[in-house]
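Quick setup: one chain, the form predicted alone, written in structure tokens, and binding and motion questions come after.
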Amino acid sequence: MGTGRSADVIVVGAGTSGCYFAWRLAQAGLRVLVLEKRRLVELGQEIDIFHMDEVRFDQFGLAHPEGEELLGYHPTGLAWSPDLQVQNPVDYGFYVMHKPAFERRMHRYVQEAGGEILEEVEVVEPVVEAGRVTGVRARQNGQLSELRASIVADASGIDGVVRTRLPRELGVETDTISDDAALFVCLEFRDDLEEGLPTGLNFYPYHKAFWNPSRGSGAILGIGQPSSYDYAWEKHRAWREEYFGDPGRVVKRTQGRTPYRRSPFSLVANGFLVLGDAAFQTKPFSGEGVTSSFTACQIAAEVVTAALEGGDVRRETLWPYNVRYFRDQGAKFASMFVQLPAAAELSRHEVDYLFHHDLIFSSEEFRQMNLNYATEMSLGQTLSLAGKLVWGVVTGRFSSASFGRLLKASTTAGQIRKHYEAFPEDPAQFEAWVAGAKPLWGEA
């Protein structure tokens, strides 16, 4: 690798977020160096198959999948009530895709645009001089080297290897993610399935589980749970056995963590920014982060390009990334992170009640969540929802405690969204904004 290498931007992590960001920068004519601690051929192998929103390809300027990437397409999915008596169709298309092939496509995009990717390079720490990140120290083949750049971007995934090693005085939160702020996702690939089992996309909100297509006629049975892999696998087994027994043949099992917490209050510092899973930009309702991270990457690439063209990489110049992200997608995600835990605490019978009365888990609300990352209701719809919930309490099918938690969460979620939509344009007002945000998160 060699000491003394330099670039306009160093991107730490060659996953989908890091490569999309690097590709956009390389397209703008910037010198981009991507560092990946693993071999590139390993990326995506642990997931193997994933599902990506059809609408996001055009939104982010990506060709729709074909060839080895594309395993299937499903324009509609089903959301199931716990008693399986209600199946709400969700008209929102997903591609079933081969993750390693998609990763290879993203690597090719970077390289064809003029960017460089180095594999098996482990970043040890950032280089910080006079209050600015000026590069990284990294190890390759046992040799420690120093690489320089005007901007360093942390796209290293859930552990945030650069962000968590920054000096706190740079103004970015450096705490590591804890187990209670992550979802442990367990996937079981099954084949040789008998007739009568689900096909297509199927989501079981009460269990935080799904039955989705795999290769051919196979299926992926997945679940996301807090706490630990052991806990998640036990929940996976209980859900599967209750509904499906022991169908077909287990091909393999995989597992991984995804962040489930608010993003750091600021994503930038002098010469630095963070994005993707390293910035906890996953969808609160699913834990998926590929396309939601692309939103941040697109904003960040525009801001970084302008900053480098102006020769100014100070925190103040990179600040528009904060403003544009948090006033839109970030505000919606913050709101949902407050609301969804209250819904997750509902009992099985309460979730059945909501499904049977087309409340919260309706087809349209699922579609809006996927498409817009928010559900918008008119005053009439809000009053109707409240009335049906009250009726559930009166008839004993919905507890007053759960109703109270939902009401409180909805109120706090609205306050947090408004607070994020007013994210300060001037960094000098940031501390006051944080002081207003912390009590709201404390209530959540």
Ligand SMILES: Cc1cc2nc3c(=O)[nH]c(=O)nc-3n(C[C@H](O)[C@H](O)[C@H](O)COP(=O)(O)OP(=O)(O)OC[C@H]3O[C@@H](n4cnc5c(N)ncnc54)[C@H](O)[C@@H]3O)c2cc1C
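Just count from 1 along the sequence shown to find any residue number. The structure displayed is predicted, hence computed values, not measured ones.
What comes next is about the form predicted in complex with this ligand, which does not appear here.
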Between the options L43, I416, L33, L30, which residue brings a heavy atom to within 4.5 Å of this ligand in the predicted bound form? L43
So this ligand isn't shown here. In the predicted bound form, which residue out of S266, Q339, T282, Q329 has a non-hydrogen atom within 4.5 Å of it? T282
All of V121, V161 and G276 with a heavy atom within 4.5 Å of this ligand in the predicted bound form: yes
Check whether V12 has any heavy atom within 4.5 Å of a heavy atom of this ligand in the predicted bound form, and answer yes or no. yes
Residue-level question: is P82 within 4.5 Å of this ligand in the predicted bound form, judged on heavy atoms? no
This ligand contact in the predicted bound form: L62, any heavy atom under 4.5 Å: no
I'd like to know if A155 sits close to this ligand in the predicted bound form, meaning any non-hydrogen atom pair within 4.5 angstroms. yes
Tell me, please, which stretch of 49-57, 381-389, 405-413, 62-70 lies within 4.5 angstroms of this ligand in the predicted bound form when heavy atoms are compared? 49-57
Within 181-205, which residues have a heavy atom closer than or equal to 4.5 Å from this ligand in the predicted bound form? V185, L187
